[in-house]
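What follows are structure tokens for two forms of the same protein chain, given separately as structure 1 and structure 2.
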Structure 1
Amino acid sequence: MADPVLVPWQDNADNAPGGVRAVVYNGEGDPPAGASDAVLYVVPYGPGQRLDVIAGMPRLRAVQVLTAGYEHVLGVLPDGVALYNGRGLHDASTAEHAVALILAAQRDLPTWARDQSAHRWRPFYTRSLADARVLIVGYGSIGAAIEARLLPFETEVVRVARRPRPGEGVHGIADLHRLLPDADVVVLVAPHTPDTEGLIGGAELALLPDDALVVNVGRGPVLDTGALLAEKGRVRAALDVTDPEPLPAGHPLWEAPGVYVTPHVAGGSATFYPRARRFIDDQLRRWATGEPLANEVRAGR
């Protein structure tokens, strides 16, 4: 009998290719019988993310996590075991939320929501997304997903990343100050590193035109909260991530003019599960045929 692989959902077990013996473990309680022989462990997603059970799997050759981050696994990963992450599984959800925030801000949806609460029918002309020039800062797979969704809205997208990639039309961060004065919308999808902390501060916000919109779906500290507050609404913002995070009651960002906040929910929506299930199906197919698995972040032996 083939060595077992542990998968989080019954669908994956049902779809497992011939030669792969898939055993379901959703992270609740102890692993099922035979799990100690597992050679591949797909770690369940969410609060039940059980890494402790890895120590009881001496024959393990590979671990698959469904998050993009994987640093938390390295400390418990035995020597010689390969690690794969969930890069890309959250792109559709995050990109969708980024565009939702841009549209909500441009079309004044929070104003209409307040008017609805007051039973007030008070139409006026709003800004629009059409014709906007949108800077995507931290252009990678999520940035590309945002761009694909923005282009049919008759926008112009300008790509910015840490290093210039002229072949892909990506500006380096050194061009940022030159690009900001012509931006209507700036979308931040950069990770939090020493280089990106405070990347958008007082000097950068000052370069933006009046009424520009900054959207942050990356990491809170990339945008300097104090500098944004000092703009007093001259530059608007829609923030799914904040600094500090979670934002405590009484923090001035909650009440800042022109600032919309959602509580770090961009990546977590119903999009995730079907994409994760398909991805695991694909990984099991690769495992069965001996093809290298996708999304390797640490090689095995």
Structure 2
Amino acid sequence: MADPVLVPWQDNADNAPGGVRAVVYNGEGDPPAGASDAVLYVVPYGPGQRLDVIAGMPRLRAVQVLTAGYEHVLGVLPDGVALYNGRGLHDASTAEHAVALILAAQRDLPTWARDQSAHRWRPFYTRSLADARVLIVGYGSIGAAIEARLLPFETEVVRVARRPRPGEGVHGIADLHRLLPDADVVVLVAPHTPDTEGLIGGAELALLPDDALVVNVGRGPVLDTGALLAEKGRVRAALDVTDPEPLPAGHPLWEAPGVYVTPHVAGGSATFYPRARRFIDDQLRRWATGEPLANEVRAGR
């Protein structure tokens, strides 16, 4: 009998190619019988991301996560086990959410929602997205998807990544301080690494013009929470990720002026799930035929 692979959805098991014994585990409760023999583990998405069970899989050869970020896995991954991420799966969902956050903040939709609840008719004119200069910091596939959705709104998009890519019009992070004073909106899509922790802190926020907007759909610690709170609303923020996370009840971010929070949901819209299922089906086909899996971020033995 073939060695088992753990998959999060029944339809992946139903579509597993010959030579693959797919066992369903959605992260709830204890792993199913035989999980200790698993050679490939597709980590469930969302709250069921059970990484603790990896320790009970001594035969494991590869781990597939469905998130683009994978820093949370490295500390529990045994030596010699390959790691693959979900790069590309969240591009559309995250880009939609990022643009929704920008529009909500620029057109003050939270205020209109509160006024509707209060049956209050109070018209006033708002900011706009058109003609805004938007910095996308951490420009990769998600950044490109955000840009594609912003350009029809008549924005100017400035691309920023860890290293400059002149042929692609991408600035390096060393240019950030020079670019911030002219930014109307800064969108953070960067992963959380030692280099990006606190990337946008007090010095960077101070460089932004009054009423600029910082949108974080990357990782919470990329933006210094204390520094943002110290701005007292001079710089606004729309945050799908926070530091700390989950954001505790009573944390000052909940009531901070000019701050709009959503609970880390950007990547998980209805668009994500069918794409993720198709991706895992293809990974299982590759596994069965001995082809290299897509999206390798750490090689195995």
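Residues are numbered by position in structure 1's sequence, first residue being 1. We call the rigid core the largest set of C-alpha positions that still match within 1.5 Å between the two forms. Not measured: the values here are computed from a predicted model.
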These are two forms of one chain. I'd like to know which is the form predicted on its own. 2
Relative to the superposed rigid core, does the CA atom of residue 28 travel 2 Å or more between structures 1 and 2? yes
Residue 263: with the rigid core matched between structures 1 and 2, does its Cα shift 2 Å or more? no
Please state how many degrees the smaller rigid part turns against the larger between structures 1 and 2. 23
After superposition on the rigid core, what is the displacement of the C-alpha atom of residue 296 between structures 1 and 2, in Å? 4.2
Core superposed first, then measure: what is the displacement of the CA of residue 75 between structures 1 and 2, in Å? 9.5
